[in-house]
Ligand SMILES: Cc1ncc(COP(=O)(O)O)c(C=O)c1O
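One chain is shown next in structure tokens, namely the form predicted alone.
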């Protein structure tokens, strides 16, 4: 921190990229097989082995993965998908891509994940699927949500894009009998620059999803034979190479995030007006560090002040139902989901990445404390 109290050189997020990523990318480039090659298969098999699933299907993004899973579940025009409004907009967009409508369920004020009782209350005769969201790396109430889905005959797809390597009661996401989706954007626990992955055990569904990623290519791989309507959702071998290298050291990357989160949790607990992130019975896969400010504090003004002092901070996450597109199309207004809206208006994302130092965390928390004291 400079003598004038301004912090410099701490990014909001930063991927850890080293020589191994470069080495494997060059292997792919030198091979001239840039897509549908052995590096993609290597990445998929390594991920399936780590999580303990029969299948891992890589694709171009987490959004694409969600879309394909909902499409394969038969979701389409006239149907409804229940999901959370406290998520990245892609969670809801994926349902709209199928032609279905979205119904948002209220969230738990501690975990920020969907409240199972609210999910059941949102079910209508048009409901086709429940899209679980594990927000900020903390697993949702999967057993309760699955029980609701089974009771009503609904499909389940899990958006675990922020919860890479996460688990509920020691059971990894992806091993619960329904597809779970990871995302690999540059700020994630593991990155492929851009990319996604579907984890599942169902052999038949895996066969269909693998075909869907590649324009509906026939199951036997016959050249230019397309047995179903598919998508151009392939992951290139270049992206997969980055993923293989990242997967080799994912334990270290996760440990770095947990270490930084621990420093934040300790320091934030001592700042008046700030509530540290929830640490419940499940182990959080640390994705972002986004504590809550008290309702009496103008969160947006605090973010402006933090950025003026050199601390990159963002409102994270805005409610999906209050995004301009959703308000215009569906007529949502403030007050529709009061718990979700209260969380969305009070969380503030602070700089967070595995190579962050304790001194940098001290600097960020020092500025946050000063800004709140001066309000």
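Because the structure is predicted, anything quoted here is derived from the model rather than measured. Positions refer to the first chain, counted from 1.
Unshown form predicted in complex with the ligand; subsequent notes refer to it.
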In the predicted complex, do 47, 172 and 199 all reach within 4.5 Å of the ligand through at least one heavy atom apiece?
no
Per-stretch contact check against the ligand in the predicted complex, the hit in 268-276, 82-90, 107-115, 204-212 (non-hydrogen atom, 4.5 angstroms):
82-90
Is residue 347 close enough to touch the ligand in the predicted complex, meaning at least one heavy atom pair within 4.5 Å?
no
Might residue 61 be said to contact the ligand in the predicted complex, defining contact as any heavy atom within 4.5 Å?
yes
Any of the heavy atoms of residue 66 lying within 4.5 Å of the ligand in the predicted complex?
yes
Using 4.5 Å between non-hydrogen atoms, is residue 140 touching the ligand in the predicted complex?
no
Please tell me which of 233, 185, 263, 176 lies within 4.5 Å of the ligand in the predicted complex, judged by heavy atoms.
185
Residues within stretch 98-132 having a non-hydrogen atom within 4.5 Å of the ligand in the predicted complex
none
